[in-house]
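This document opens with one chain alone, in structure tokens, the form predicted alone.
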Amino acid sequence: MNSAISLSLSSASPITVRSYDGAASSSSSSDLFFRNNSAPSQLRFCGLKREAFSGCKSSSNAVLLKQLRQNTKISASLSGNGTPSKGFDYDLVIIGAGVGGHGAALHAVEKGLKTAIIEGDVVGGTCVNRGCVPSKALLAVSGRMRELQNEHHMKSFGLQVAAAGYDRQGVADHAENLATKIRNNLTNSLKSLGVDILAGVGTVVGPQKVKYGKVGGSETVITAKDIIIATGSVPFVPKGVEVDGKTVITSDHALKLETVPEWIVIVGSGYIGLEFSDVYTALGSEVTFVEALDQLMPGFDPEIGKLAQRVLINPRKIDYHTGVFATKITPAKDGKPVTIELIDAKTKEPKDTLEVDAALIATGRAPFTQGLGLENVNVETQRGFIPVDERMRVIDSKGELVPHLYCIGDANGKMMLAHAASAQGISVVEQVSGKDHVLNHLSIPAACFTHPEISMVGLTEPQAREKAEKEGFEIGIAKTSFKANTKALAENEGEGIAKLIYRPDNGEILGVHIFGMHAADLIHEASNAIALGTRVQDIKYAVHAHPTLSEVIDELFKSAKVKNDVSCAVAEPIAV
């Protein structure tokens, strides 16, 4: 990709569409997405641009359609980096060129802001280089291996396939090549727009002032009207775990696929652990999960988690220990295997000692916020996270806002997903451009790219019931099965369900959870509905192509029973 193309539809209420390459995934269980949250406050608007949807009601799309019909003049142009505000080197400086920083930079240029981005490693950050992007390449391989190895599945199509095999280095190269391609795309998009990419470690040295440079080398001080911290996260390694990068590894090492061990322990059964179990078992490994909580996949909706365990874990070469901590993990050495000492999570009594070929530490991620110079603006981290309000504005140790300083993505801990970081960055740019904007995090979807996939948006059933009890309303549950979907049956992929949690009194969508083929792609209709405040009684009239997997969601909304089947105005969502 050489540039970002801005398409603007000219009218009194312009609607802007911007296209650029990006990547997003998940890395931890859903309960771990929401961290370090301040008390929820009312959201003035969410997601899409205010001018496009102000005054719209979920009962009708007439207002929006009228605007679109009036927008007859369409222009396309290449945006350029702007001229900085008087007295500053830049309008906006972003520390960190991951997915969040990249998204903020592109939007800033679109808004005419003179922008620079500081990166001490490589463009793309964790997601592109050591996370969502290369992991999807490995999961693409595991999906094909599973299909080819499933003789019954292939015979059902009338196909005969010889024994499937793989080249480990070829698989590893596929992951590395994909990461390189996406990284180059992101770098080229920034350069083509004139964003200054400043190599080095960025540090806040005072209000509206940043220095950058190589460690041990010379440093340059620059000024900016506004600063965004977007430094991301690193794998979290608990105490007592000795990582050697060979036999005891983190996700950073695992993505290189230097070996495929016969028996590997995965510590943690969230998104990272679940996805790697899919990869390793497809390539022939035996897997043992070690989970501190009493059940596997604790962050998922419990009903979805139980079904996922029945499909993704029980039939495969996977066993597990729940309710235990791995207090000490020692790498293989001198012919001895990896040793893992387990204790009871509650009593702390010794439980077992495992001897295996390798161990993957998948216990989540920790914010990368050290060395940012936060003390220079009187900011103290909370468990490593930078405290922010609902507008991503940084809060100092006295509870006051630090002027012109923002933090997005994993570093603030609100929702540790790459696409959430990008959305937060765009929201900040809207604010510094003069438009108040608060992102509704409950409308941001998450996905686990196993085979089949898992996706969700909004609240789980226990979370919804807790909210309903506090606020005095009832909840409704609707479900549909992939077994009734023509396209899924044509693919012989009928395993899966979709689940809707909603308010039967007014049709508000509280949460949607999907387990099944292409669940990660299907969730966005629900997430957009939550973002726009669309109610069940309105979205059930949407038309879906037949036969497609999208009809699973169509039937889900149609099966919901709303007591007052009258269209309602868009409600104000809650900012998280």
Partner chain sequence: MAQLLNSSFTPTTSSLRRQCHSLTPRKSTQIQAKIREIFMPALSSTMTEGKIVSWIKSEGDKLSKGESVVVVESDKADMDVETFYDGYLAAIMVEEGGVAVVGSAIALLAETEDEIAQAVSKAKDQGSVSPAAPSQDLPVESKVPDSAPVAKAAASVALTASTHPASEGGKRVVASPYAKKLAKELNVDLSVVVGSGPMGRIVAKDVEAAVVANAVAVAEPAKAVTPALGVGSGSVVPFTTMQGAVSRNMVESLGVPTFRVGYTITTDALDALYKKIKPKGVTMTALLAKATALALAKHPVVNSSCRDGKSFTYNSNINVAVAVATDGGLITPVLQNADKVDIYSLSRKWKELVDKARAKQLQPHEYSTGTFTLSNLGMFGVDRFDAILPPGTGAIMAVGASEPTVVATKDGRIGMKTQMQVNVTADHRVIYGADLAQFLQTLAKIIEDPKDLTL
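Positions refer to the first chain, counted from 1. For clarity, every value in this text was computed on a predicted model and none was experimentally measured.
Same protein, other form: the form predicted in complex with its partner chain, not shown, and the subject of what follows.
Residues within 4.5 angstroms of its partner chain in the model of the complex, judged by any non-hydrogen atom, belong to 352-360 and to none of the other stretches in 419-427, 352-360, 268-276, 465-473. Contact with its partner chain in the model of the complex, judged by any heavy atom within 4.5 Å, is made by just one of Glu176, Glu151, Glu495, Asp244: Glu495. Note on contacts: among Lys155, Lys191, Lys483, Arg146, the single residue with a heavy atom within 4.5 Å of its partner chain in the model of the complex is Lys483.
Interface residue remark: Asp396 is not counted as part of the site for its partner chain in the model of the complex, having no heavy atom within 4.5 Å. Contact check for Thr288: a non-hydrogen atom falls within 4.5 Å of its partner chain in the model of the complex.
Although the partner is absent from this view, Asp319 contacts its partner chain in the model of the complex, with a non-hydrogen atom inside 4.5 angstroms. With a 4.5 Å cutoff on heavy atoms, Ile313 counts as touching its partner chain in the model of the complex.
For the partner-free chain shown, nothing in 130-165 comes within 4.5 angstroms of its partner chain in the model of the complex, judged by any non-hydrogen atom.
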